[in-house]
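There is one chain below, alone, in structure tokens, taken in the form predicted on its own.
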């Protein structure tokens, strides 16, 4: 039976195996026969046995015992054996194995062989698995073959030179002279290899850019020849002449024209010709056009040419192929900041892509739509985004809500529109918003004093309708507690008023307190709102007292503490209840706790001279009552000294004391160090706690770019003797323009008291590009200083 049939018969038997165990048995038997053939020496069957072993290797079974047989077959003088030997070397050997060094001399000899086919075998093997040592030894031979007259050998030698440059970048200068001369070749294979080689030389040795920029006219002529050439069946793909070579030339032109006016001017006409004459109905034409667009956007091109490139991407958005639509939106995302008006012309098409069934296309369309929002189109774009929010996949809701909030804050035409938009988002996707949304909305409501009545009426209706959206319920409870008197009056010009009784409001808050859907934080909002209503209603104070008393023994400690303190206000300090439960003062936009980590602002204090008579009377309590209030909070028996009265108004001592109740607490200085700053992302480290055996640090990420940073993750590694615990991060999206931060706490347990070091891997996406960097931290900042408390 012929040898080739035996290989076919083995394949047939293996494929006919019904179970994995039966297949393993067949493989083991065949491997035993192959080993026996290898031991018999030169019997003419070694190459066929190695071919069978390579098929076994393709199935995933061990075939390492055939490595030395590959070395022997490569040294053979027969072409049939040499071919199988080189194939086996490429499959079974790699640069990490010592056996690969044994074939270096054979490859060197075959590179000088008289047969071009033997030379090509050696070139392919070196380009596939050549190690750095092999590349250094054989680089002169490859440089010699680059000047050969045979185009077949020259093509393979070019690709082998590319592999050598990637393995040993310092050898790049050896191939620079030969690379330029290869551009005069007529063979497309050699031209393709030459363009790839020049591209690698420019990437690994930027010093050669000026030298190769002189070849831009030559590259332009080659490209023009491809664009205007007649039909060539050898190179034609879907009506495009050699699109692979065109794409490679365009990529090289992009590198040569970057930040260089002379090179850019030389290729402007060519790029316009390619952009207007290439048929985009086929995939090959779309690939050439896409590379043309990227080249136009990366060089110093003319403004008209950039508009043409954006229009090409706009046509891609209408393509039925989702992959083409995806790469189109990815490219538009990168240029939307520099060519905003040109991209705006395709806003309608981009918004339509939000309705696509593919989640990846939806995500790209969402990011691009958010980038297109401006003060001019805020109303129309927000309408489309809110429609998308109601139907978008769960994995996109968080990103959508974040983008809507940022856009509304930057471009809102009025405060009422801003509040309505945020309430719409909370009603639709309240469970997917960021943690800072509630305090930010509360701050916005407090500053819009003319909309307090409108807001409390609207939030009350939303609360009665649905209590499942926790963020919405928290804001509603806060507003009812602060402005419950406006709700009970039933007078509102901006919205149709609803007659609400005191019992109705308390019923709504009690429903929130008793609901299994309410989180502990939401119950805290509801309990505080109930307590605040005790100073805003008249007939149901006893009911409020009863509700608060019920939670004095609550299993939740936070809720229990609040209830106990509120009960103490009723029993022991009822004369102070009205002053303690006053409306919150208006807060600055940048006050602590109400922005995304910005602590530069302060809370506006109420000027006592501008208080109404009743409010001033409530604040003018004896100093001893202030001590009583402090005693309620900390239970201390130490007598407290009132602060000195202002010299300009000695009659307002107690009022100033009460207003300055928390004013003596100065913010503790926090020591942070910047450990990473790149691509607009800044990562700082802050030491929160440090003992002999434990260190607790917080990593703080902020974003100064114009786009949100997404998929932000941190990974940490420490020495083996140190125990590492990473808490859950506050999120994975860092808002643009420094409007937010992402924090993550790391606890290091160091029982052996070794020198602490930590390596952090930072991964994130920005404008469609994925970035990953590693940071080494050899020292940690000192922990936060204790707060400085001023005497009252």
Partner chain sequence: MIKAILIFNNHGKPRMSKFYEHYTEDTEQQIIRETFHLVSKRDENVCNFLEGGLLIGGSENKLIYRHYATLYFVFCVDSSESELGILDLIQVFVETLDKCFENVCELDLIFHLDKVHNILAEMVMGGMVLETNMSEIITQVEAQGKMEKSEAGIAGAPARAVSAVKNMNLPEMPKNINIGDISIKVPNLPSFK
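A quick note: this is a predicted structure, and the numbers were derived from the prediction, not measured. Numbering follows the first chain given and starts at 1.
Quick note: we don't show the form predicted together with its partner chain, though the next part is all about it.
Contact with its partner chain in the predicted bound form holds for all three of 11, 251 and 327, each having a heavy atom within 4.5 Å. Note on contacts: among 63, 733, 760, 739, the single residue with a heavy atom within 4.5 Å of its partner chain in the predicted bound form is 63. Among the residues 523, 684, 364, 562, the one placing a heavy atom within 4.5 Å of its partner chain in the predicted bound form is 364. Between 703 to 711, 336 to 344, 412 to 420, 352 to 360, the stretch whose residues reach within 4.5 angstroms of its partner chain in the predicted bound form through a non-hydrogen atom is 352 to 360. Within 4.5 Å of any heavy atom of its partner chain in the predicted bound form lies no heavy atom of residue 552.
Shown alone here, residue 79 lies within 4.5 Å of its partner chain in the predicted bound form, counting heavy atoms only. Proximity of residue 442 to its partner chain in the predicted bound form falls outside the 4.5 Å heavy atom cutoff. Although the partner is absent from this view, residue 147 stays clear of its partner chain in the predicted bound form, with no non-hydrogen atom inside 4.5 angstroms. With contact defined as any non-hydrogen atom lying within 4.5 angstroms of its partner chain in the predicted bound form, the contacting residues in 285 to 318 are 286, 287, 290, 291, given in sequence order.
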